[in-house]
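Here you get one chain, nothing else, as structure tokens; it is the form predicted on its own.
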Amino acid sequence: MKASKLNKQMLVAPYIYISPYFILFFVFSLYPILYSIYISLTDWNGSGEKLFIGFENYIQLFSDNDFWLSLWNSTLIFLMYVPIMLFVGLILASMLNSNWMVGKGFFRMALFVPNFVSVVAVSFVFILLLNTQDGLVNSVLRSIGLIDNPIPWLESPWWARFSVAMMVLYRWLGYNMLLLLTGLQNISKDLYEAAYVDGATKIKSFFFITIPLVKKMLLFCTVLSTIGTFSLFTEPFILTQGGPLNSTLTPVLMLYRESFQNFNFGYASSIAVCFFILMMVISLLQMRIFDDKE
């Protein structure tokens, strides 16, 4: 009898130990997701009764030009900075991984510091730097003769997108550089030595050894950058308020407007659900494209 009771306790004990994780997951992750899906099927302003309307919010969303514009803006911003960030980050990581580099610790810290600084503070600094009339950037460009008329960094749709992209590049270059550096440190030095013996230059070694062997880390950075770009909120919110002409409107900024400015929580929840599905599909496609089965 005692042996049977002990066996039951041994069977139950592991589930008791792991139960806190599942309880927290259900309360703070699964339940909010399911509740958000339910809210997306209703017409609700945050108070009062929720009116069930089925898929009307989704039908309205797919015919909303602002939603498609927000996805287009995020795609453009992604293309403006992610390829540059990954390529420059990989070059910097290769330099910091080399034997001839001096002061590696200092440069790692210096490149990673922007990631620690408050994004709100960085946004206000960029507003001062990119001011059309008195900003430092236009003043420097004018003084060296590159421009005659000031560039409307935050007033022109394309320049506003470029400004947001450059701010995100400044903030996340060091972070991605460290991730790529981690991948480079797992590559055997013997491969570079063998390539050097065979007559390969450093540039050829970079393109034919470094890039292929760090492909998985590049994929990881690309997926993170994709999710991060489409989730941009603070940068466009402070820099441009989503303008001009909604040129820097992002899905998350649109979600914020619908929920906390228009109090249309049902419609905002439909944006959140579609955004989640879209990010999952894009991430899976990226992993499929870069899948290495060798």
Partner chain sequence: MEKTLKLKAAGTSGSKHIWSSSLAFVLMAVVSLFTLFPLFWLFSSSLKDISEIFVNPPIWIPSTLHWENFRELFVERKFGIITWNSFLLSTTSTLIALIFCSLAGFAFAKYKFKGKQFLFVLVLASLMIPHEATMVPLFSIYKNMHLIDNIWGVILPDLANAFGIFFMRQYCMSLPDEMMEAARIDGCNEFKIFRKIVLPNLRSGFAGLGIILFVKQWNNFLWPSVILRSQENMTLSVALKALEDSNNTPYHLIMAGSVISVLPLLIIVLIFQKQLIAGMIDGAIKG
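Numbering follows the first chain given and starts at 1. On a predicted model such as this, the values are computed, not experimentally measured, just so you know. Here, rigid core means the biggest group of C-alpha atoms that superpose within 1.5 Å across both forms.
Another form exists, predicted in complex with its partner chain; not displayed. Remarks below refer to it.
Going by heavy atoms within 4.5 Å, which of 69-77, 158-166, 205-213, 84-92 lines up against its partner chain in the model of the complex?
-> Only one stretch passes the 4.5 Å heavy-atom test: 84-92.
Consider Ile144 of the chain shown here, and say whether it contacts its partner chain in the model of the complex, taking contact as heavy atoms within 4.5 Å.
-> Heavy-atom contact with its partner chain at 4.5 Å: absent for Ile144.
Contact flag, Asn99 vs its partner chain in the model of the complex, heavy atom cut 4.5 Å = Yes, Asn99 is a contact residue.
Is Asp190 close enough to touch its partner chain in the model of the complex, meaning at least one heavy atom pair within 4.5 Å?
-> The answer is yes: Asp190 has a heavy atom within 4.5 Å of its partner chain.
Would Ile39 count as a contact of its partner chain in the model of the complex, using a 4.5 angstroms cut-off between non-hydrogen atoms?
-> Contact with its partner chain, yes.
Scan 39-75 and note down the residues that get a heavy atom within 4.5 Å of its partner chain in the model of the complex; none is a fine answer too.
-> Contacts from 39-75: Ile39, Trp44, Gly46, Ser47.
Quick one: core overlaid, is Val197 moving 2 Å or more at the Cα between the shown form and the other one?
-> Yes.
Against the rigid core, is the Cα displacement of Phe26 between the shown form and the other one at least 2 Å?
-> Yes: Phe26 shifts by at least 2 Å between the shown form and the other one.
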